[in-house]
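What follows is a single chain, given as structure tokens, in the form predicted alone.
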């Protein structure tokens, strides 16, 4: 396996791995370890090029630094991506090679689940490295983080509802969820149980039909979902969906979902704000999964009660972000970065 370093300003370490025998082509980005070793999920996607994959992993790893700082997990930010089609390219050899790649970083990067990567894949990775989290509960790990991401997002949506209408209740709120995979689907169910009126869409029509048949959700096509008027639009699929083309089409009062890097560019948060739409910064509201996984690394190991207590703080963190945004008259993404930056500065000062 050939491992080469890529120099990127503002990142502690960015590395590429190519392994001809297993077919592995992967990138790991370690953004910041001020608060602790970097923790961030592994995703597999058929990127069109390495440049596209690099763009993704850099954005995601920086987002993990901010997410962990705001959530006070005691960890830094990192991420890994595997270039390839998850439907056809997964193999034991590939994931063992990925495990050796992770192990070469000597613990500054710890992996977990992300898009198209599940516990069985990570179990193979673990054969080559101990820097893996989010494995089976029966093995003393924290299990699948998806339900906790959805739970944390629901808690955050109560803060959004309160900011909109002075009441944390979600009953009667119209919510459109774009992307109903493991996290978005779980969030849809939680919202319905909370009395919200939920409309779902996904490029995976079979998944939409399954959820519609089981729960009776309203359904809209992925191509037309932005035209649906709602209180909250909740992106829960891939990032960069909020951009110059889509913002004029939004018919919502708030933007709050589980997807990472929802804004194509940071400036889009200001554009959304100018339209009177409240934005819950993604790395604040979707931190439940990483919080749950981070508890594995505490003394004594994983404790679900501790994880849920920390996930409940997402409500408080969003309230702080909204307060900073109002006080300083700045977009909420800038307010969230200010909160994260303050916590990083405090950690650096304490270590000096």
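Predicted, not measured: the structure shown is a model, and the values here were computed from it. Throughout, rigid core stands for the largest set of C-alpha atoms superposing within 1.5 Å between the two forms. Residue numbers count along the first chain shown, from 1.
One more form of this protein exists, namely the form predicted together with a small molecule; it is left out here, but the text below deals with it.
Thinking of the small molecule in the predicted bound form, which stretch from 269 to 277, 194 to 202, 95 to 103, 132 to 140 has heavy atoms inside 4.5 Å of it? Checking each option against the 4.5 Å cut-off leaves 194 to 202.
The small molecule contact at residue 179 in the predicted bound form, heavy atom, 4.5 Å: Taking the distances in the predicted bound form, the answer for residue 179 is yes, it comes within 4.5 Å of the small molecule.
In the predicted bound form, residue 146 touching the small molecule (heavy atom, 4.5 Å): So residue 146 counts as contacting the small molecule.
Mark residue 260 yes when one of its heavy atoms lies within 4.5 Å of a heavy atom of the small molecule in the predicted bound form, and no otherwise. Contact with the small molecule, yes.
I'd like to check something about residue 183: if you look in the predicted bound form, is any of its heavy atoms closer than or equal to 4.5 Å to a heavy atom of the small molecule? It does: once the small molecule is placed as it appears in the predicted bound form, residue 183 has a heavy atom within 4.5 Å of it.
Could you tell me which one of 160, 236, 125, 112 places a heavy atom within 4.5 Å of the small molecule in the predicted bound form? After the contact test, the surviving option is 236.
Only one of 222, 265, 72, 165 gets a heavy atom within 4.5 Å of the small molecule in the predicted bound form. Which one? Contact residue from the list: 222.
Residue shift check between this form and the one not shown, rigid core fit, residue 59 Cα at least 2 Å: Result for residue 59: yes, a 2 Å-plus shift.
With a threshold of 2 Å on the C-alpha, tell me if residue 320 counts as moved between this form and the one not shown once the core is superposed. No; residue 320 is a residue whose C-alpha shifts by less than 2 Å between this form and the one not shown when the cores are overlaid.
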